[in-house]
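Single chain ahead, written as structure tokens, the form predicted on its own.
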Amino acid sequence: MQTIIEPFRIKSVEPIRQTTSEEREQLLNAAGYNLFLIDAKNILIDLLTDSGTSAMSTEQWAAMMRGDESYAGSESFYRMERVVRDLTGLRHVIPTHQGRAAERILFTVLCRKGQVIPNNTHFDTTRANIEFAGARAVDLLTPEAADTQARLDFKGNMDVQALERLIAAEGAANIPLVMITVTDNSGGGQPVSMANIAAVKEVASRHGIPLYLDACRFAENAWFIAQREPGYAEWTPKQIAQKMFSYADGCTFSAKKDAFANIGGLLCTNDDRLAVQETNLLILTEGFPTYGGLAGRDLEAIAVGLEEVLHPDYLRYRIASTGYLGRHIADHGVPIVEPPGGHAIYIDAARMLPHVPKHQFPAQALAVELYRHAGIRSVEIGSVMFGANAKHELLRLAIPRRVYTQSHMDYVVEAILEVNDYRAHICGLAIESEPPFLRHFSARFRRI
């Protein structure tokens, strides 16, 4: 059978509102052409992010009813801790209200001014938290990934030789940790191979540098390894994930992605001394170590979600449905980052809109036009988000987990192809105002 079916039944529905193109034009103007500033009630299909937007299962909702809201020693925390330890093998499990809080604690404790943090590709909050701590974020993505059209199995791999050169140039003492993001969000949702994780671990260990995983989409990465990397076809997704984590000395984790939770994050480590420092900062800024800024019901939802996300039927559907969107637009001439990733499809806006120069933000212009035309919200991953650090001008269509059906994706395909037909008439944008950090969240634009 070729038809993709959702491996679940819909039990509760949420209405979505149709708007007219005239209404959307007014909304865009009022929001300064920044889709973050448009109210969700005015969005038809929301592909802004897959973070915190998942639909929770009946088992998660049932587990939430037993949430222990005790301030200290919550049984809900201990249930979640057992699941996380079984998955990651890491001793210390520190809950936070979301992933960027885990990043802030980690980099505040570990980083000093002038130090360097290598990653395959840092995402926006990761880079911002490193820079806020006074350190420098360095991307070391495999060179083959520079070609968005190249169809490689593991375009999220870190350049191991470049890591060796960076350590030689900066000195191991100036690199407090090496990080790998799985899957590589900024680079198109592309997976990292087990062999690459092992190779990076070998280099880091040889120089006495801890290896951390940014593990937001660990399950999707595990599925790609099972499908593409020799030797893992008979492994379960959980076995592959456990092996991935076995190379890590610690991890940060947004439970809003592959744990199906609407809020939550984790910071894990095997370093006893570091865990004490991180826990002290957690108490100061997030909450007691057995709730970390979360309600007990959220901890329960995360515990169940971390087990559900590794079900093969779910992962098969998840990756196939993302690929369905990618192939249908790519086969009709829309340039995407090839091959389709796990959580999102990325349109190469610089290729699609060659008449819009980089300083006029082609991906933001495309995002604006897709909303104006069809009510679809997406997000720019390019010069607005990363400034001079942007490698590409990408439009990300991030697919929330267990939320939209195939007919929703067919609508998205139709809308993108219609926009593609008149792409030569799409104009660029200029920034009118912006904050000092993470400007894409609140910058305002004008049409050129």
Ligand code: F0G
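We number the residues from 1 along the sequence you see. Quick caveat: nothing in here was measured; it's all calculated off a predicted structure.
Same protein, other form: the form predicted together with this ligand, not shown, and the subject of what follows.
Residues 24, 364 and 440 are none of them found to lie within 4.5 Å of this ligand in the predicted bound form, as judged by heavy atom distances. The partner is not drawn, yet in the predicted bound form one stretch among 216 to 224, 84 to 92, 161 to 169, 352 to 360 has residues with heavy atoms inside 4.5 Å of this ligand: 216 to 224. Taking the partner from the other structure, this ligand in the predicted bound form has a heavy atom within 4.5 Å of a heavy atom of residue 126.
Although the partner is absent here, residue 99 lies within 4.5 Å of this ligand in the predicted bound form, judged by heavy atoms. Using a 4.5 angstroms threshold between heavy atoms, residue 318 stays clear of this ligand in the predicted bound form. At a distance threshold of 4.5 angstroms between non-hydrogen atoms, residue 103 is in contact with this ligand in the predicted bound form. With the partner removed from view, the residue among 76, 190, 378, 254 that has a non-hydrogen atom within 4.5 Å of this ligand in the predicted bound form turns out to be 254. Scanning 57, 42, 51, 420 against this ligand in the predicted bound form with a 4.5 Å heavy atom cut-off leaves one residue, 51.
Contact annotation for 389 to 415: a single residue, 396, has a non-hydrogen atom within 4.5 angstroms of this ligand in the predicted bound form.
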